[in-house]
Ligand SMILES: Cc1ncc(COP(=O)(O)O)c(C=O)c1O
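Take a look at this one chain, the form predicted alone, written out in structure tokens.
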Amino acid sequence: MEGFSLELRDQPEPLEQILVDCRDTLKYGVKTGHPRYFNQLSSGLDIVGLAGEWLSATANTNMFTYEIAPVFVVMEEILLKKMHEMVGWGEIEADGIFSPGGTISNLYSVLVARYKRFPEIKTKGMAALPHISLFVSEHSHYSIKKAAAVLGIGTDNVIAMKEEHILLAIPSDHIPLYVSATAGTTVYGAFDPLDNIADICEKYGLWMHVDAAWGGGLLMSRKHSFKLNGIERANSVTWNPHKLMGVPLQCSAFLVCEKGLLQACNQMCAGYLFQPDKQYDTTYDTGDKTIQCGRHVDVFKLWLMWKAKGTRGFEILINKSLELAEYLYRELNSRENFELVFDAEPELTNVCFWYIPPNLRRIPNGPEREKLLHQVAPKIKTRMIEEGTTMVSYQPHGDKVNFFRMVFSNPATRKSDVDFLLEEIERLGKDL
């Protein structure tokens, strides 16, 4: 970062230098709002959402009590009710909270599931509990293991399996507690069979959580919401509007179908914040439902975008991203130097593929070819970053060597940007 000093001094610097520093910060940062930025999940830059961030920052308040954030607290309640209805809990007195991200929302799901089954955990700790186990699907997000580590359950007690194998081969001293099904996996964008998993959870009395951080946005699409059939049977749901819906970071909702459970699980009744003799209904104070104290206003930008676009506007944006994924899928099928990780059409906006350089096409399938192919995506990514033309993520997964993972969620992206990416990959990788 030539000429950009990050060092801090004892004396203030002039306004002119401060403005230069602001320009340099943007100059040297990654342009995540660019239509050719495809690296990890990014929603581009929504102007209405940006305005919502500005207003939230201007208000500079905290979400823990109604007395200092009355409008934002009511907005959150209204938005949560709207999301409950879309999940299918319209007739249930449900609850929820906006959290710093999907990982924290998933942590809430384990936290409340454990408290619901073993309320003594709050006062006596893990020593008072039997040996509990959590179940996840094979391609679940790592945040469930992280939650198990944070909450003292232990990562060894998070069991990844196919849904039909849940409860098989569990040691007799283990108590199965919780199942997390995924609606839109991080890498493949795949959906677990929610209804089948719900049947198992109901049969054995297990808490069913649906991690729809990525795929929850499909509830906005009349054409594609069927992929979430069964989500209404869940006990809790994670849904990140900052992903498929294009809301600026951060904006994650944890939804739970039992009113009062979050409060009972987390409340500590701090006297300096949550006085019971306030002049208003103190059930509007949300701070004791959370594991935080102070909480950022994440709800306003989503509320403002929903006002500006309507549900149908979000549907148009999401359907467009799905159409781009289908377009990329067809393009990859038609180009000889590309190979899909899966032949099936994408379920969400994730498309995974390999680029096969001409030199590699001459090598027969086998360990040697796999070893060389594993190096292709990292080398092309390095050249992309050096040239600054586009950015796309890659990773190995299971027994599959490094492949590119394209994810669409930026409303500014066009088919011409998809064409550019493929041509750029070929240009940067043809000599490998």
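The structure displayed is predicted, hence computed values, not measured ones. Just count from 1 along the sequence shown to find any residue number.
The next section is about a form of this same protein that is not shown, the form predicted in complex with the ligand.
> Can you pick the one in Gly189, Pro248, Gly88, Gly101 that has a heavy atom within 4.5 Å of the ligand in the predicted complex?
The residue in contact is Gly101.
> May I ask you to check whether Lys243 falls inside a 4.5 Å heavy atom distance of the ligand in the predicted complex?
Judged by the heavy-atom cut-off of 4.5 Å, Lys243 is in contact with the ligand in the predicted complex.
> Is Val351 near the ligand? Define near as a heavy atom within 4.5 Å, in the predicted complex.
No, Val351 sits far enough from the ligand in the predicted complex that none of its heavy atoms falls within 4.5 Å.
> Even though the ligand is not shown here, does Gly216 get within 4.5 Å of it in the predicted complex, heavy atoms only?
Answer no; every heavy atom of Gly216 is more than 4.5 Å from the ligand in the predicted complex.
> At 4.5 Å between heavy atoms, is Gly184 in contact with the ligand in the predicted complex?
Taking the distances in the predicted complex, the answer for Gly184 is yes, it comes within 4.5 Å of the ligand.
> Where does the ligand sit in the predicted complex: which of 297 to 305, 352 to 360, 71 to 79, 140 to 148, heavy atoms within 4.5 Å?
Checking each option against the 4.5 Å cut-off leaves 140 to 148.
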